[in-house]
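To begin, one chain is listed below as structure tokens, in the form predicted alone.
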Amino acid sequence: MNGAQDLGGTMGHGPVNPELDEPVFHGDWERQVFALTLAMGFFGQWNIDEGRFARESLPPAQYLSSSYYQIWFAALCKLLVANGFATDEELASGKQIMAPRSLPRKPLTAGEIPLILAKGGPADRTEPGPAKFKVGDKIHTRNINPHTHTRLARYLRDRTGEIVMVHGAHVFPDSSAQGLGDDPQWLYTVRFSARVLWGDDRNPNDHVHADLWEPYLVAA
């Protein structure tokens, strides 16, 4: 999706000012939003790519004026409503109106959380067939503008690069975000010259590396 999250190469947003010794959370509410998002994700009613799409599909004015965890909270609210866990009226009032939806799994206990977080959610899968590309191959990225989630950023589209790593097959986010299953596809690290991406006035020694799935690529 060409949303407000896809800022690579755009200008006029002001300087980036990293916060010295920035804490993980700036307030207890951020910690709670993070915990709620993980806890609800455990019930399996949406996946990580659907969660990403919920964030990036927020209205641009809202997205760009919100903090990181404000974006997470807004996306969680969207997912709760879309999956029948709450209504807009309930979220606005903070009071339960409809009967609670039955949960497909029992809630996590505090003791289970460290083990689950340590296990993570690996996205590698069995290869669907032989890889189309190998290290050293020149590729060209497709020029796509999907209405749903994609990991092919706008500034990387219709550009030529070189395969520098092959990672095996992984869940294809574009399919996963639409609830179409894992759809495993080969994943590559592609190196792009900064001059190819940003123009001839860039340092010829600068490069951008991006992990891209095979459906995004064609032979150059």
Partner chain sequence: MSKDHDHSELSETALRVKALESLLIEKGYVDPAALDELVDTYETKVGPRNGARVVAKAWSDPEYRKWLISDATAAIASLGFAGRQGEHMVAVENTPNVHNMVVCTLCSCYPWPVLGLPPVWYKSAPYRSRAVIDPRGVLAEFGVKIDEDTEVRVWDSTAEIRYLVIPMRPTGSEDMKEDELAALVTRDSMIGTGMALKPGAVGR
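Positions refer to the first chain, counted from 1. Here the structure is a predicted model, which is why all the values come from computation and not from measurement.
What comes next is about the form predicted together with the partner chain, which is not displayed.
When the partner chain is considered in the predicted complex, residue 73 lines it closely, a heavy atom lying within 4.5 Å. Within this chain, residue 79 is remote from the site of the partner chain in the predicted complex, having no heavy atom within 4.5 Å. Although the partner is absent here, residue 6 is a contact residue: one of its heavy atoms lies within 4.5 angstroms of the partner chain in the predicted complex. Using a 4.5 angstroms threshold between heavy atoms, residue 134 stays clear of the partner chain in the predicted complex.
Heavy atoms closer than or equal to 4.5 Å to the partner chain in the predicted complex belong, across 183 to 220, to the residues 187, 189, 191, 198, 202, 203, 205, 206, 207, 208, 209, 210, 211, 212, 213, ordered by sequence position.
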